[in-house]
Each structure stands twice: as structure tokens, then as C-alpha cells.
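Listed next as C-alpha cells is one chain, alone, in the form predicted on its own.
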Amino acid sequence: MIDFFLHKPDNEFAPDNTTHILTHNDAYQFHRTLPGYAPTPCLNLHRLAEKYHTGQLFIKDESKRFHLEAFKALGASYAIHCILEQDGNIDTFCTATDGNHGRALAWASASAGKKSVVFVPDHTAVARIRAIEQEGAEVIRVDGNYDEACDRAAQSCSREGWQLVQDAARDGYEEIPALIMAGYLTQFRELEEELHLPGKPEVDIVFLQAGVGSFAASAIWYYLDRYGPDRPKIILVEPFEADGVLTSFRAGKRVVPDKSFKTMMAGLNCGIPSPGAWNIIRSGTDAVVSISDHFAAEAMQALYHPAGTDQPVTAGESGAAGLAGFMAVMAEEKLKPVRDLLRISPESRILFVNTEGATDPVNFRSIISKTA
């Protein structure tokens, strides 16, 4: 099951609180002060590029981020840092998550000497729940999906006096999600010695995971702010059964997709896009592709069992989604309009971000045990 939507962006966005925070932040400098900080590697997948007759395929490997195996640590740590600078008396931080954001919040809270409470949808893998608990959080299961877990977290914060640190904005709650997005910018700043050179980037196309939209929007803002009309083309990828961004593009407004929300790409299993992210996504997205789980599995296998001298990459189900979207675009006749838009050639340079490692070890082992 696959789908796509082509979009003609205007490459501009109206200034608002989110873009103001993204512009005036020092997240990169803050992260460099954290114990254990190191830039995550960017790998050149030479043999995989040969297979698809492209010039170069790069993947930034966020599975190496601290000990948390995901980029989410960048957003949660920076947001909590900024919140505590304004009010150091906060005792408990709270959020809802499908896994990685909750673990990052628990780690950042404990690092700051604070408590944390994390709400998770009922489909959340046991391994992801245990990983959150091991960082010191209290985990509460919600009999519902991600959006319902977000509602429970917000309600509990109002009742208990906890501080909500959610990566999805809502009416009256925009500043903290924007701080989280600002934290995500560090991974793109780290590439400024290799690919994101002044004037024009060393990549032509970037495939980004969508989810609730915060990660994709932070990347889009970065490319528009740094390069303007010379930015690379940007393709968003999301699960077919949780395609909130694609459905919203098609509807011309933010909507919840009428889908099952059953996908192993747990980190992307979200409903309606975050409003702060949506405004930026509309400004700089060239196409959205939704894919079924088997494409993610094939991408995980290809990364873990590489050909030739390519370095193995441990990518979780959501982490491999960008590459999975590229593989679907190259293979599926239905996605020919996307191929035509991108004009992928032996000179094309394409970037992916592995946003997570093996955060569901049982499913990961089951997938990579099969031949790529």
C-alpha cells in the first residue's frame, strides 16, 4: 500500500512564535556542553548508491545519540533546559509518547534532578516502555492511540501541576514544542562541515520522516533559512496507515486520517499534524509519500546487511523510513510522478536520517534475521 501527494511550496513562511524561537536559539551550543555529547556520524553508502544508479547516498545515524539511540534527546533536553532557566522550582515533567520522546524526556528530567511521568498508547512495545522506566520515569498506559495519550498527559498536568513537555503543539501551547524543534536543529548544524556548506548544499534531495511533523518541520526550516530557493528538494515519508500529513495536504487543512493507525513504525504513528509544524511543512515540502510496513523492513535489512564496504547501520522501524520511502519511489510504478519530480540521476546526492536504532529489539531481530 502506497500513496503520494505532490506539493508546490512557496519557500516562505509567515513569522510566528515557532519561527521566532527557531531563529533565536542556541541549542547547538547547549548540547555541546552536555556530558557524553558527540556529533553523530554521517555515512556514505557507496554500494547502495551504485545499486540505485545514484551519485551518493548519505545517512546521518542518530542511533549513536548519547545512549538513547534516537535524536529525540536533542529536543527534550533543550526544552527542559530552557524551562528550568525560567522556573527552577518545577518538580515533575510529563509527556505522551510512542517511545523515543518519552525516553528522552525521562533522561533529561533525571539529568536535571527532576521527576517524570510518561503516558503511552496501549500498542506501545514492552521494550520501549521498559526503556522509559529505566531512565526513571513513571509510565502510564492509555487505552487509546497517540492523540488520546496526548490528551491524557495534558489533562493530568493541569490537574497535578506537572509541566507538560509535548512535541506536538495545540491551541495555547506552542512555545515548548517550538523549543523541542529548536533542539532538533543540532543534527543539521553538525553537518555544516560536510554537506551543509555555505551558499549551496552538497545534497540535492532529502527524505524525512513525518510523524507529528516536528522533526520534518525543523529540517525544512533549517534548509529554507540557510539556503532559501537553493535548498534541496524535500520529500516526507510516513506510514500508509497513519498518513496525517499526506491526508492534510489533500484536504488543504490539518485533519486526522481515516486509517487504522496499525503500523510497526511506532514513532510515526501519529494523527493530526502539529499546528506549529504544519505551517512550516506547507512552506517547504515538495512531496509526501506514504508506505506500508514492508518497505521499512526492507530498508532495515538493507542497512543492517549492506553490500560491499558500506558500513552496517542499526535502524529501527521509524529510523529506516526515509530510506524506505526512497526505495519505494525507485521501485513502484505508482510513484513515477515523484521520480519525475526528483529527476534522480547518477549525479544525484541524497540524504537520509536514521532517527532511531533498535528501540523494539524483538521486532528488530525478527526483521534483520531475514535476507535483505
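Predicted, not measured: the structure shown is a model, and the values here were computed from it. All residue numbers refer to positions in the sequence shown, first residue = 1.
If you look for the form predicted together with a small molecule, you will not find it shown, but the lines that follow are about it.
Site annotation in the predicted complex: the residue of Ala106, Ala299, Ile291, Ala210 reaching within 4.5 Å of the small molecule with a heavy atom is Ala210. This chain lacks the partner; the member of Gly183, Gly244, Gly267, Pro177 within 4.5 angstroms of the small molecule in the predicted complex by a non-hydrogen atom is Gly267. The closest heavy atom approach of Tyr78 to the small molecule in the predicted complex falls outside 4.5 Å. Interface membership of Thr18, defined by any non-hydrogen atom within 4.5 Å of the small molecule in the predicted complex, is ruled out. At a distance threshold of 4.5 angstroms between non-hydrogen atoms, Phe93 is out of contact with the small molecule in the predicted complex.
Proximity of Ser116 to the small molecule in the predicted complex: non-hydrogen atoms within 4.5 Å are absent; the residue sits far from the partner. Picking from 299-307, 327-335, 65-73, 35-43 the stretch near the small molecule in the predicted complex, with a 4.5 Å limit on heavy atoms, gives 65-73.
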